[in-house]
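Consider the single chain below, provided in structure tokens and representing the form predicted alone.
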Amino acid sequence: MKADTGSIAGASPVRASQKEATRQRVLASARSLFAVHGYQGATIRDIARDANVSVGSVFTTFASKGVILSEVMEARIEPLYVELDRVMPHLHGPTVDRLKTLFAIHIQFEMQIPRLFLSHIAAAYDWTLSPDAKPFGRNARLKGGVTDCLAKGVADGDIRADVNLDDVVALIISAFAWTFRLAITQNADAKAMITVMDRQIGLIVEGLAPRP
């Protein structure tokens, strides 16, 4: 009996290692396929084939395609937030300038693989997503960064205290997502998109200024 128990216990780390290897292969394949075919175009079958695993293995590892994309994006943006955590505390000046810097850094980062980010945005409009998926718009770190900028603006007096920050955060993030259409419709580069985003941020923040 002891030998059998030891055998089972010894197999568990192996199974765990195999499952993690499958997870990483699926994520790597999904990242490549989403960047080429988009969220709708890349199917679970395509991802499984590219990762050289069974479709069943994909579904025993991930709850849905939306969850796969969420994990791809969470892993991808970690270096971005390391950079933002380093830069943002040292930014000074009016709210509009700090917001422009925040989104310029995001745009420069996401434009490295623009179609992958567009897949992330597209998933936000999939009403069949499982609750544990985190498409664009459910990124607490992006929302938190924008909220912090606006809250500091209120404290500094360049944004009205009666402004509903949640509404403004949603508006700015929506403008960010909409700006990314230019990567496809106009083949815009990061510089062009930052120019557009700067203009939109300027218009939004202008409307938040204290009234005379």
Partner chain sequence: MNQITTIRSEGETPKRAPTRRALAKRQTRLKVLNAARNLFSEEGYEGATIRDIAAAAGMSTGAVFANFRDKSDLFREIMTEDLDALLGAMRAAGTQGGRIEDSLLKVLMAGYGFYKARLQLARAAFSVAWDVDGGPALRGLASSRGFQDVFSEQLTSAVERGELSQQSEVKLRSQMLMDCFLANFSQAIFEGWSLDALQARAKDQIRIVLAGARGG
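Computed from a predicted structure; not experimentally measured. Positions refer to the first chain, counted from 1.
Note that the form predicted in complex with its partner chain isn't included here; everything after this is about it.
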{"query": "Of 168, 63, 53, 44, the one that lies within 4.5 Å of its partner chain in the predicted bound form (heavy atoms)", "finding": "168"}
{"query": "In the predicted bound form, the residue from 115, 141, 76, 106 that sits within 4.5 Å of its partner chain by heavy atoms", "finding": "115"}
{"query": "Residue 207 within 4.5 Å of its partner chain in the predicted bound form, heavy atoms", "finding": "yes"}
{"query": "Proximity of residue 154 to its partner chain in the predicted bound form, heavy atoms at 4.5 Å", "finding": "no"}
{"query": "Interface membership of residue 37, its partner chain in the predicted bound form, 4.5 Å heavy atom rule", "finding": "yes"}
{"query": "Close approach of residue 67 to its partner chain in the predicted bound form, 4.5 Å, heavy atom", "finding": "no"}
{"query": "Its partner chain in the predicted bound form: contacted by all of 121, 178 and 203, heavy atom 4.5 Å", "finding": "yes"}
{"query": "Which of 160-168, 22-30, 44-52, 145-153 lines the interface with its partner chain in the predicted bound form (heavy atom within 4.5 Å)", "finding": "160-168"}
